[in-house]
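Take a look at this single chain in structure tokens; it is the form predicted on its own.
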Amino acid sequence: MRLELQNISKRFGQKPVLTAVDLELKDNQVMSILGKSGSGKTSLLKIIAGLEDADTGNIFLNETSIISQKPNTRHIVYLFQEALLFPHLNVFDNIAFGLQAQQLKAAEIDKRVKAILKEIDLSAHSSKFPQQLSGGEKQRVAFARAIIVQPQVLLLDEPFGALDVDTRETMQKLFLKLMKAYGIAALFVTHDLKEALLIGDQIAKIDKGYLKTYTSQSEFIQDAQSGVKEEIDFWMQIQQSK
């Protein structure tokens, strides 16, 4: 798998949102995209998913242009911060939804859903409905529903932003485990510096529509514009004041 963006630009009216964005995501790679609110990171994901149109540029998946393809034919899944589960379906049927759309046999669907329910530790909750689940449990179901259809690329838009600290750490570990197990490439958008470093094999930073990709975490940490030094200085000041 290889996802490549070439010269992607986007304006809303007279306001530039993305400017000449180039990006390359390779097989089994997770790239963290760090950016503040309004930096253009959500627009970037929506363009890749086909939910918004770019003004210029092209998107290639496995060397084939997908810029004109409809969202449901791109083999790309977009995961929002909100779980967006179907309220009328229980956990099992929410996860099975994509497989049913692919018209797989019932026995195969049952096998795959039960296997992933075990991996996300929700086997005992398969008959529950979304309103009976905690925030973390809903997000686990959303992950399972996204991953089970084995997309070429998974796009995640601050998926843990609404969770408490402990649940967030649990979900980060689960995410890394599932990405490794299923071998899916992902773009993981976050505004949290620590989360970006923890999640990404590679890190990129978007600021006012301009994207910079780092070759390594070391390069990112050493870059004066990355924000790492300010973060370290902040905690050093806190420590020294005690």
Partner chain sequence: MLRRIVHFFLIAVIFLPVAVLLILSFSEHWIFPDVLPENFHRQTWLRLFSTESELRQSLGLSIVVSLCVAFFSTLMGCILSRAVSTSRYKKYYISLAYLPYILSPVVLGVLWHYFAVVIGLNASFIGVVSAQFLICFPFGFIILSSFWTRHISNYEELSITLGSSEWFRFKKVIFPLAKPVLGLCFFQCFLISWFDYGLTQLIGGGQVKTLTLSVFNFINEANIFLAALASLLLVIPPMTLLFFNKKIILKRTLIH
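Note that the coordinates shown come from a computational prediction; the quantities given were computed from them, not determined experimentally. Numbering follows the first chain given and starts at 1.
Below, we turn to the form predicted in complex with the partner chain, even though it does not appear here.
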**Message:** Given a 4.5 Å cut-off on heavy atoms, tell me which of 133-141, 120-128, 159-167, 69-77 is the interface stretch with the partner chain in the model of the complex.
**Reply:** 69-77
**Request:** With heavy atoms only and a cut-off of 4.5 Å, decide whether A107 touches the partner chain in the model of the complex.
**Result:** no
**Message:** Within 4.5 Å, heavy atoms only: does L61 come near the partner chain in the model of the complex?
**Reply:** no
**Message:** Please determine whether L51 contacts the partner chain in the model of the complex, using a 4.5 Å cut-off between heavy atoms.
**Reply:** yes
**Asked** Should I116 be classed as touching the partner chain in the model of the complex when contacts are defined as heavy atoms within 4.5 Å?
**Response** no
**Complete:** Across 13-39, the residues having a non-hydrogen atom within 4.5 Å of the partner chain in the model of the complex turn out to be none
